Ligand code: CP
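Single chain ahead, written as structure tokens, the form predicted on its own.
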């Protein structure tokens, strides 16, 4: 996507690759404006008269709350649909769902158990589709991450972010959008948990990744899809990749700690790092709201 980010209008946001650097920088700048002007009603009316479907096939805290509040603050109507409430559970096709929902709403946000579902929905719908989380991608989280980094350091160019732990959807989206933004992303994971080659700098050494980094980032070791018999094995395999005080000591003196939440203190991150002075975790969570509002402003056609 080139030039003016408004070219995203009537298009979908599925992997984050839809934005080029200029568009991404403009979106982050707008997110900061919406954040700074929230108490004055910045963005109010941007979605006036628009309805946005929010489909959740999985439990959600931050994603649901931030999108539902964000749509309302922009003057739109959020329509929350849980997976078990929809005819998808009874065999209606994803494509037919997209065709029908396009007649009712101006955009569709979906948190899905399947990347293929989101791809099929985006192909069939006649309104923008936003990927709010799938097994392979979490681009909205990465937008909030980059906004947080920009707030802390004033610029994204040349920053080094070390992600340690499971090479999951958050790591992948951070790598994709980080590369677009000019951020060096290093992902340290053990064998069997690594991202595909070519997406970021990869290593199996968390200490080497953390050295002189401007931010250290991690995520849970056992997510909803990983619960079960393999959970203990995952914890054992990933234990050397804990985001701890010792790892933070290897990073830059100005380094911050990041986590997309929910966190399990004592597992992937120590309590001291999560709640310590260098933690930017709560800013990340807050910025989900502002980054997504900026995204919706761009995507949803004016009514």
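Small disclaimer: the values here were computed from a predicted structure and weren't measured. Residue numbers count along the first chain shown, from 1.
One more form of this protein exists, namely the form predicted together with the named molecule; it is left out here, but the text below deals with it.
- Picking from 53-61, 247-255, 25-33, 269-277 the stretch near the named molecule in the model of the complex, with a 4.5 Å limit on heavy atoms, gives 53-61.
- The partner is absent here; in the model of the complex, the one residue of 260, 238, 243, 47 having a heavy atom within 4.5 Å of the named molecule is 260.
- Taking a 4.5 Å heavy atom cutoff to the named molecule in the model of the complex, the contact residue among 148, 141, 134, 97 is 141.
- The shortest heavy atom separation between residue 172 and the named molecule in the model of the complex exceeds 4.5 Å.
- Residue contact with the named molecule in the model of the complex: residue 288 places a heavy atom within 4.5 Å of it.
- Scanning 92-113 for heavy atoms within 4.5 Å of the named molecule in the model of the complex gives just one residue, 111.
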